[in-house]
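Next up: a single chain in structure tokens, the form predicted alone.
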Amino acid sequence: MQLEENIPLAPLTTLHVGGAAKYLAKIASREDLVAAVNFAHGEELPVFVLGGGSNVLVRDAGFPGLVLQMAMTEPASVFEESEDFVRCRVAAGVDWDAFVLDVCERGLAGVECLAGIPGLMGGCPVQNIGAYGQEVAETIYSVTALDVEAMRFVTLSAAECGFAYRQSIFNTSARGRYIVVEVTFLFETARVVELKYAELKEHFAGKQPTPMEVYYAVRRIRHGKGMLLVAGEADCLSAGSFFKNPVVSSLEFQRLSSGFKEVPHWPAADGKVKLAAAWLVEQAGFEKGFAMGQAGISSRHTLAVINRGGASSGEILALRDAIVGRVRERFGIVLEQEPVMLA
């Protein structure tokens, strides 16, 4: 295990914002992970697991504990085939989009709509990442993690992970208890692509696309919305969608929609309704390209808060609070931040 002190975290995140970590350890094996966690326990230090840095906001003061930079890439992707299913084990440090491409190239459906999402494998079950009508929980079979309370590795079934919209036990009831080291997926060989997102349906116009065709279409859509992190582009310094799409009751939706001709929405669990956070932000007066100091909103997508160049976490948070306050004032809805706060 390599342990470093006072390491700037901003360059390790896609927002390029924030201070330094007191300690940083690169984790290339399970042995590294155990040694690092034991060190943190011995020094009574808080621990934070950093993957690709695409869904995190670091405060300017930095982090007074140990940051674990996940670099576990073995197994990269081990595919085990049977007559009806393909099982795949993937290490936490594997690039998420590279995995999606590998799956789609094999003609397997189930994660094609999640193409272009930045980050590493270890973060996908934590957030239950989702996009364009698909969630990673649909194909996860189990998650192997270090239980830092018992200091042993455990394997949790998908049901035990408690997946819901943008959440799991890893970021709710058991936050901080588990550190993901490997994810196992199960793909049905007979499964075909099912399009739920309107823009994808329109793009393919009734055609039954292959997983690879959807993979490239999703990346094009994400790029057009500034949600594909491309180095050198003005909107690339972001954490992706900064706010979660709020889920409200059917009565709340009726109240909200009474004053508008059309309110973008989708059905959610238990008869509830999922609203488009981007639409709420726009209706509250924050348009694409809006700027507040060195923080701003992407010129291509209202949900992406960006670093316009040298922004502090304070500026990012000030813009966040302004948006949340105005949406609450106009609609009575409180937007929830998606990126994890590290302080």
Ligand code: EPU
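It should be emphasised that the depicted structure is a prediction, and the values quoted were computed from it without experimental measurement. Residue numbers run from 1 along the displayed sequence.
The next section is about a form of this same protein that is not shown, the form predicted together with this ligand.
A.B. asks: Taking heavy atoms and a 4.5 Å cut-off, does residue 278 contact this ligand in the predicted complex?
C.D. replies: Yes.
A.B. asks: Is there a heavy atom of residue 139 lying 4.5 Å or less from a heavy atom of this ligand in the predicted complex?
C.D. replies: Looking in the predicted complex, residue contacts with this ligand do not include residue 139, since no heavy atom lies within 4.5 Å.
A.B. asks: So, in the predicted complex, is residue 88 in contact with this ligand at a 4.5 angstroms heavy atom limit?
C.D. replies: No, no contact at 4.5 Å.
A.B. asks: Would you check, heavy atoms only and a 4.5 Å threshold, whether residue 109 touches this ligand in the predicted complex?
C.D. replies: Result no; residue 109 lies far from this ligand in the predicted complex.
A.B. asks: Give a yes or no on whether every one of 166, 241 and 282 sits within 4.5 angstroms of this ligand in the predicted complex by heavy atom.
C.D. replies: Yes, all three are in contact.
A.B. asks: Which one, 161, 227, 100, 72, lies within 4.5 Å of this ligand in the predicted complex by heavy atoms?
C.D. replies: Looking at the other structure, the residue within range turns out to be 227.
A.B. asks: Name the residue from 266, 253, 153, 216 that puts a heavy atom within 4.5 Å of this ligand in the predicted complex.
C.D. replies: Spelling it out, the residue with a heavy atom inside the cut-off is 266.
A.B. asks: Just to confirm the contact call: exactly one of 80 to 88, 229 to 237, 179 to 187, 129 to 137 touches this ligand in the predicted complex at a 4.5 Å heavy atom cutoff, so which is it?
C.D. replies: That would be 129 to 137.
A.B. asks: For the stretch 288 to 310, which residues lie within 4.5 Å of this ligand in the predicted complex by non-hydrogen atom distance?
C.D. replies: Going through 288 to 310 in order - heavy atoms within 4.5 Å of this ligand in the predicted complex - the hits are 288, 301, 302, 303.
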